[in-house]
Ligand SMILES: Cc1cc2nc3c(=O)[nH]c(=O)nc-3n(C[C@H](O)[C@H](O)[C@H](O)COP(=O)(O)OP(=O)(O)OC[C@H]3O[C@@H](n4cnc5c(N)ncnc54)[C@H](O)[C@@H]3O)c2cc1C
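Heads up, the chain below is alone and in the form predicted on its own; it's given as structure tokens.
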Amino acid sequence: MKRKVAIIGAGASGMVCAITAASGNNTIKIFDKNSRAGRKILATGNGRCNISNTAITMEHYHGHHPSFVRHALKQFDRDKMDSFFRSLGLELTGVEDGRLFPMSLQASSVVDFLEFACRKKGVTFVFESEVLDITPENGGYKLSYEGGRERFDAVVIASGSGAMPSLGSNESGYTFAQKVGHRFYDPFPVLVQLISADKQCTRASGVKVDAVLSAVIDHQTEQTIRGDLLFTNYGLSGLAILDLSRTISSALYHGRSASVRIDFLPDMPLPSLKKALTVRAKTFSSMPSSLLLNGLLHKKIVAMLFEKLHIDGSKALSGKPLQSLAYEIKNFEVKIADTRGPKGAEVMAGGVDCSEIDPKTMESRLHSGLFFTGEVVDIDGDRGGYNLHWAWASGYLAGKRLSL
């Protein structure tokens, strides 16, 4: 007898689960409140879809139980991922930092192949139909959704998180999990831009620099990286900020103070910078201080530094103020008041407690036939394709279990 399987969410983990589960004796329906599949996939990698990474290891994953990913990464490793997508007709290409993309560099290619494979295997999509309720009933589950009610033998909650609500995402998966007795950790935004409490930042709005950045939590340095930093009218953005944002966001969520320390000239040690500025000041003794850093730093950065140190840019600079300027260039600290929240976040940390899910099958330990995949689970990855790989891998494990 065929089993009826409902998958809530036509995203990355939901469609991979459907394709894999359809190999068994199953009738599968995917429900999604959007009008088409893979809306969030289409937005990843600036529309190119950073599908995975060449360095898929546990160290790139976070949560209260990060080792939970071990089995999924072993079963759906780089080779398995390559063969899976090639079996659908999708070819991959890489870039220097290890990120992997579809060869077309179009996220739509990924969605097209996944949706085609689903339909070819007989999967039914029910779009513009939000699932409203899930109730365990007689060894199965009754789903109430916009348009009707239906009983299923198994349900996969692949509804994601509340990140990017403009793409139709919400936190319904947590609600469903809680209703049937599962615990979940409150979500908070990661891979997100930061809002500054310092007005000086607006002076440099639009300026992008390569810098060394440190996340300073309660006056202690907790993470340091080098990369792109973009000043904005609200605070800080750029790839390096996204990489720091989990540390910052977690601290803010727990009521701790947070700031970002910036080294604008990472290739020049502080003693060398002090010496270089002293020599320049002596050589060009009549030069206004606003010109002293010309050629070293963007003019807007200089204006921001001068405002913080109360330096008059029309006058020459020497002595202690010059030494203070050198220090500030290497240790400019920006206080963080908040993140841009779910609307700016690529991912939300938190989710359904992994200790209540079987890591080998993604099946609930509390309810037979109930599965959780992707971002609804308390696992989040670093920037660079790790979150999508987790979605593929977790969806694959649930699908394999359902195909038996």
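Numbering starts at 1 and runs along the sequence shown. No experiment lies behind these values; they were computed from the predicted model shown.
The following text describes the form predicted together with the ligand, which does not appear among the structures shown.
Proximity to the ligand in the predicted complex holds for none of 194, 243 and 336, with the criterion being a heavy atom within 4.5 Å. Residues placing heavy atoms within 4.5 Å of the ligand in the predicted complex fall in a single listed stretch, namely 123-131, out of 70-78, 123-131, 228-236, 321-329. Interface residue remark: residue 168 is counted as part of the site for the ligand in the predicted complex, having a heavy atom within 4.5 Å. Put simply, residue 347 is close to the ligand in the predicted complex: some heavy atom of it is within 4.5 Å. Put simply, residue 172 is close to the ligand in the predicted complex: some heavy atom of it is within 4.5 Å.
When contacts are judged by a 4.5 Å heavy atom cut-off, residue 8 counts as touching the ligand in the predicted complex.
Residues of 140-165 lying near the ligand in the predicted complex, listed in sequence order, are 158, 159, 160, 164, the criterion being any heavy atom within 4.5 Å.
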